[in-house]
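Just the one chain here, the form predicted alone, laid out as structure tokens.
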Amino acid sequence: MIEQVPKDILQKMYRDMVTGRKLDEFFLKLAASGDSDKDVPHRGAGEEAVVVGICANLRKDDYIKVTTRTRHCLTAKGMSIKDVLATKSYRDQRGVGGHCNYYDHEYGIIPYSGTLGEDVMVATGAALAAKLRNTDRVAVAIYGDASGNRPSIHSSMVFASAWKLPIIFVIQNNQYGMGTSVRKSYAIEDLSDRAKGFGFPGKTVDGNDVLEVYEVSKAFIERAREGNGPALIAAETYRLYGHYEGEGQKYRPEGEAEEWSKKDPLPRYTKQLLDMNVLTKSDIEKLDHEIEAEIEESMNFARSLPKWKIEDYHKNCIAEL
């Protein structure tokens, strides 16, 4: 229950969600200005609660791999806004850059791949390393509903189950893989039922309720940390925008997006915290200004850095991985 969650965690999750939303909006401005990577914006607004609720239960040294839509939420795991924007604009301080290479070894952030689903095997490898080293570190692999049908993810689940690896698989079900409805790509209603075939527990959560995500992920992460193996979370959420910015979205039934927008996790969580007196309207306004100022300052810092070169990418990024 929300009353049992420490106040500082409630406030941090709110800040992380607001930061994620504002970065998502800023990414769009960067794309329009040409001062970012060549990626056509694949917006993640409305999906922040999945990453934020999970990260609130992870330690600094735990591992996490996110999706392309929620890379702006990596600040919830500890990555700085400066690093996020420097990477986004090909000016990473470590000479990396590029939209598929957000990573931070200090905070256990695993880079995600442009070949969707393949990177889940990397996260599984991180979980294996944690087990072989006799640590209690946990890995989390977040991927989309469409990626969930890739053989690489099924292979990862088979291996993780057999070895009782400390990993949580998370299907970030935003209802569509490009233009294909999840109901046309799965023969099951409850996506968490997939876990049964691999021999570990699974649960479906309201992915637009950060508190529900927090509570369920907390239980599974603690279970994995104690050596009891993997679990699967199916987080039901919604892609508020198209597959990419400017896409027609003709595949969506009329009125569907409007109905889902009423479940937008950010205003929903804001109301909860206001009703509980955890935040005031003054707190919210102050936080908005602080985050916007930090984003602007971070982007100015990023612009002061030289753009990365392909030889630096191979020398630094691949060598570190």
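In this text, all values refer to a predicted model and were calculated from it rather than measured experimentally. Residues carry their position along the shown sequence, with the first being 1.
The protein also exists as the form predicted together with another copy of the chain; that form is not presented, and the subsequent description refers to it.
> Should Ala219 be classed as touching another copy of the chain in the model of the complex when contacts are defined as heavy atoms within 4.5 Å?
It does not: once another copy of the chain is placed as it appears in the model of the complex, Ala219 has no heavy atom within 4.5 Å of it.
> Within 4.5 Å, heavy atoms only: does Val158 come near another copy of the chain in the model of the complex?
It does: once another copy of the chain is placed as it appears in the model of the complex, Val158 has a heavy atom within 4.5 Å of it.
> Is Lys203 close enough to touch another copy of the chain in the model of the complex, meaning at least one heavy atom pair within 4.5 Å?
No.
> Any chance Asn149 has a heavy atom within 4.5 Å of another copy of the chain in the model of the complex?
Although another copy of the chain is absent here, Asn149 would touch it in the model of the complex, with heavy atoms inside 4.5 Å.
> Choose one stretch from 204-212, 70-78, 181-189, 221-229: the one whose residues place a heavy atom within 4.5 angstroms of another copy of the chain in the model of the complex.
Flagged stretch: 181-189.
> Which residues from 240-264 come close to another copy of the chain in the model of the complex, meaning a heavy atom within 4.5 Å?
Residues within 4.5 Å: none.
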